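Structure 1 and structure 2 below are two forms of the same protein chain, each written out on its own as C-alpha cells.
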Structure 1
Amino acid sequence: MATKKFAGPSPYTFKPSYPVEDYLHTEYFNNVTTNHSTKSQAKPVVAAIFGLGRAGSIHLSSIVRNPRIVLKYIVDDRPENFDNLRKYWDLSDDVVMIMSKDADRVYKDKDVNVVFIGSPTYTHHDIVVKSIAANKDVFCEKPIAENIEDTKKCYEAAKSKGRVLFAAFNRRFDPAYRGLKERVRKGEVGHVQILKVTARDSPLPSIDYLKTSGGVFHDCLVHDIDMSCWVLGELPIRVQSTASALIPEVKEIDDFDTIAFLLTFPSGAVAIGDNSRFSTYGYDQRLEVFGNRGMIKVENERPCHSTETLVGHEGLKQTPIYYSFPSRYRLAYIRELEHFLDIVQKGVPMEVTSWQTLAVSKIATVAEESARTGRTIDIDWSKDDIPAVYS
C-alpha cells in the first residue's frame, strides 16, 4: 500500500504517444490510418536501370517492389542472366532487357523519364550525359564521373535541361546516422571537437571490381568524408592521410586497402577516420561525435539485435554484426529511393546537392594526393561557389 498513492489517474485518460525514433511504428500508424499525405498521388515514373552489379542489384530489388515505379528497361552486359532475372523477379514481357551497345533505345524512348545508374564508374559520365540530353532524371551511384571536371559538366547539363541529377550517398538516409546528425545539430553534444568514423569493408571485393571502382578514395572514403561534412555542416580546410596496400593483389593495381585520414575544419573540429577493404568479422561501421557537452555514437548493427549475449564456457558472445553493406544499409537504400522519387514527383529539395558532391570529390582527391605524397594539404574553397550553409 505504500506506493498506491503514486498510482495517478488511469492510463486511459492519457493521450497516446510514442517516441519519434520508432520510425517503423510511424510507418504502421500511417498505414492503419490511411494517411494519404504520406503517399504520392503522382503517376508512377517509367524507369530504366543500367548495370546489375553490387549496387545495381540492390536498386533493382527496391525498384521492382516500389509501386511508384514502372520498370521498362534493364541494361546489362551479361545477357546470359536475362532469363534468370525475368523468372526470379517475375518480370513481365513489357520489361525489355538489352546490352549497353543497344542503350540508344532507352534514350530515344520518350516514355522513360527516370534512369538509374549502377554500372561501373567509367560508364557513368556517358550514361548521365545522354540521359539528361534526352530529358530524363537521373539517379546515379557515386561517383557521377571519374574526375571533378566531368562531374561539373554533368551537373551543368542537368541544370541547363532542368533535370534532376542525384548522387547516391545512401548513408545519409540511414535512420541511425540521421538521428545522430539531428541530435548534434540540436546542440546535445555542444561544440563538436572530434568526429571519429570507422568503415571496414566485408567481404573483400573482387579485383575485377576494384579495377573499375575508381580507387578506394573515391569508392569508399567519399562516404566517410561525406558523413563528416554532413554531420558538422562545414568543409575541411586541411587534409592529412596515409594509406597502405597490404594485400598484394591490391598493390598490383596501384590502389590501397588500409587508410587513415584527418580533416581539420574551420570551427576547430577534427574528423578522424580509418578505412579498410577487408574486415574478417563483418561490415564494421561506426560513427562517434564528441563535444564539450557530451558524446553520441552509432555502433555496429546486428541481425538479431534483441539477442544481446550468449553465455557459455567460452565467455560472453554477441550475435555477429551485419556481413555486408546490402544488409547494414537496407533501410537507407529504400529511404534514399523514396527521397529521389519525392524530388522527381513532388519537387522536394534535393538533399544531396551538386556542390556537396563536388566538394566531397575534391576532398577525396586531395586525401589521395596526401597519401601518395606524404604531405599535409590545405584546401581553398574561395572559388568553388559553395553556399555558406553546407548542410
Structure 2
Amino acid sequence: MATKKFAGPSPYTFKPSYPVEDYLHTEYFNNVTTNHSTKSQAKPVVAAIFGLGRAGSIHLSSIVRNPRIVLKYIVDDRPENFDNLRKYWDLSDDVVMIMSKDADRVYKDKDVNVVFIGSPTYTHHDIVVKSIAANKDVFCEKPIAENIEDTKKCYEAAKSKGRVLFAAFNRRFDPAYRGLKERVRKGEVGHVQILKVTARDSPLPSIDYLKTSGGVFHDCLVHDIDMSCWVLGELPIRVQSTASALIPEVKEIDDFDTIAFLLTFPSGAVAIGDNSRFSTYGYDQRLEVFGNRGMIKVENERPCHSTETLVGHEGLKQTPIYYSFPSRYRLAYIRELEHFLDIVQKGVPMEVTSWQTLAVSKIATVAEESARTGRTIDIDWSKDDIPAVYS
C-alpha cells in the first residue's frame, strides 16, 4: 500500500481549471456557454472574392464555412468553371459569378462591404484602389502592390477613406507561432540572443510562377523576416546574406533556391534564417528563440502527429510533416479570416500594420543586395518614417 498515503482529498474538492494551450477547449467552452464577449454580435458581412487560384481557394473554403460572411460575388476569369464551382461548393443561386472585366458590378454594389483578393499579384493594386474608393474593406494576399510606392499609396487611400486594408501575413495567425511570440514578449526566455527561422518550400513551385514571383527574397523571405521582427519587436540594423542557385532552372532566371541570412538587431539579438525553394520531405517551417533564460521553439507540425510505427529494423517512424502551405497553415488561414472580421465588425486593432509591411519589404530588398554583392549592409531606420518602438 506504499503509495496509498499520497491519495489526498477527493478530486471533487478541487476547483477545476484547464490549460490555456487547449484553444479548442476554449472555443468549445465559449460555445457551450454562449460567451458573447468572444463573438461578433454583428450582422454578417457581404463579400466578394477575386481570384480562385491557389490562395483564393483556401480563402473560399473558409468563407463558405463561416457564418459571419455572406458570399455574394465570385470574380474569376475562368467562366467555364462556374458551374463546377457552384456544384462543388453547394453555392446557392444568390452567389453571383462574374469575370474581372465586369468587376464594376461589385464596386457599385452597396451591399458588398468586404472584398477578398486572391487574384494574381499584378491585379492587386487596381482592385485595392477601386474597392477602397467604393468604401469597401479589403483583405489582400501579399503583396498589396508590386512596388513600395504603390503599396504606400494604397495604405494612404485606405487611411483617408477610413477603410481597412489588411495584408495577409498568414504565419502570424498560426497558434503555435503566436503562442511562441506571446511567451517571448512576456519575457519567458529573457532577453533574446538568437532567433532562428527555417522555411523550405514544398511543393516545388513552377518556373512560370517563379518568373513572376518577384524573386525569392520578396516572395518567400518576407515571411521569415516578418516573423523575426514580429517576435523580437524590433528592426534589424545590419543585414548579411548569402545565396546559391543549385537548381539549373532557377539559376537560369537569375533567382536563388538556397538562401541564408543574418540580421543584427539594436538589442544585440541576432536572427538567423535559412530558406529553400524546395524540400522533398514537405513544407519545413520552424522557429526558435533563445534568450538568457531559456529557449522556446516550434518544430514542424504534422497530421496525426502522435502516430508511431515500428516495423522490423527500419526504426521509429512518424507521419510526414505537412506537405504544403495550405495544409500546414490551414488553422492560420481560418484565424486570419476571423481577425479580419473582428477588425471590420468589432473594431479590434489591425495586427499587421502598414509600416510593418513596408519595413519587411525594405529588409528583403537589402538582403537580396547583400547576397548579390557579398557586402554587409547597415540600415538606418531613422531615415524612414518607421516607429522607433515596434510593438
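For residue numbers, the reference is structure 1: its sequence is counted from 1. Everything quoted here is computed from the prediction, not taken from an experiment. Here the rigid core means the biggest group of C-alpha atoms that line up within 1.5 Å when the two forms are laid on top of each other.
A.B. asks: Form predicted in complex with another copy of the chain, is that 1 or 2?
C.D. replies: Only structure 2 fits here, because that chain is the form predicted in complex with another copy of the chain.
A.B. asks: State the core-superposed CA shift for Phe6 between structures 1 and 2, in Å to one decimal.
C.D. replies: The shift comes out to 2.7 Å.
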